[in-house]
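For reference, the chain that follows is the form predicted alone, supplied as structure tokens.
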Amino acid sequence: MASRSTQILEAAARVIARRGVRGLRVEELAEEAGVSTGLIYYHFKDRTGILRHTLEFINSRAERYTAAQDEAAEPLTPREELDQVLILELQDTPEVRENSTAWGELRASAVFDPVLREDLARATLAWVQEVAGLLGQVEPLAPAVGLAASAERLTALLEGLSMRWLSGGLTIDHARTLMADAVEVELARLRQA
């Protein structure tokens, strides 16, 4: 059984995905998680603490589903790992839909919330650095500045494709194709640098 704090964070991700950050009410969160409001305040102190920890939870969950691999399978090549980290953010599963929707809601709310903006900037930077590291494994002679720029473009594109897919503007297959094409373009650019 999940710990109480994990249970609350899972519920927070669901509520944020469904109602947005502005729609997150501690009472509703408590009901969704099946706990008391006092327990939520005990674990997270205040609404900002709930949002911060939910952002961390969403990032951890994304790392799990983008890094998942059968233990009996051969290790991935750097290119396969890069593709997996990016493409597996575009899966039509409840967990990925919820994660991506909650991330988009947190990103939109960060425009108006300086504390959330800082937390989201740190999380985004870590994601960009992860992708830049994978790009560097695929193209080890590429300059660091080029790797960082490519990672910025790919992660920003992925966020946009995810929102368009989730809102019905793109099919998931088309979003995945566009993402795969963008990876090819960025790798070609890095080879020329």
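Quick caveat, the model's predicted, so the values are computed rather than measured. Throughout, rigid core stands for the largest set of C-alpha atoms superposing within 1.5 Å between the two forms. Start at 1 with the first residue shown and count on from there.
Not pictured, yet referred to below: the form predicted together with a further copy of the same chain.
The three marked residues, T124, E159 and A182, each reach a further copy of the same chain in the model of the complex, with a heavy atom inside 4.5 Å. a further copy of the same chain in the model of the complex comes within 4.5 Å of a heavy atom belonging to Q192. Contact annotation for Q84: none of its heavy atoms lies within 4.5 Å of a further copy of the same chain in the model of the complex. N59 falls outside the set of residues with a heavy atom inside 4.5 Å of a further copy of the same chain in the model of the complex. Contact check for V26: every heavy atom lies farther than 4.5 Å from a further copy of the same chain in the model of the complex. Contact with a further copy of the same chain in the model of the complex, defined as a heavy atom within 4.5 Å, holds for exactly one of E63, D46, E152, E31, namely E152. Taking a 4.5 Å heavy atom cutoff to a further copy of the same chain in the model of the complex, the contacting residues in 87-122 are T101, E105, R107, A108, A110, V111, F112, R117, L120. Shown in the overlay between this form and the one not shown, fitted on the rigid core, is a CA shift at R22 of 2 Å or greater. When the rigid core is held fixed, the Cα atom of R47 travels 2 angstroms or more between this form and the one not shown. When two forms of a protein are overlaid on their rigid core, residues whose CA moves 2 Å or more are considered shifted, and A175 is not one of them between this form and the one not shown.
Expansion of the W127-R47 CA spacing by 3 Å or more is recorded in the model of the complex, set against this form. Relative to this form, in the model of the complex the C-alpha atoms of T124 and R47 separate from one another by 3 angstroms or more.
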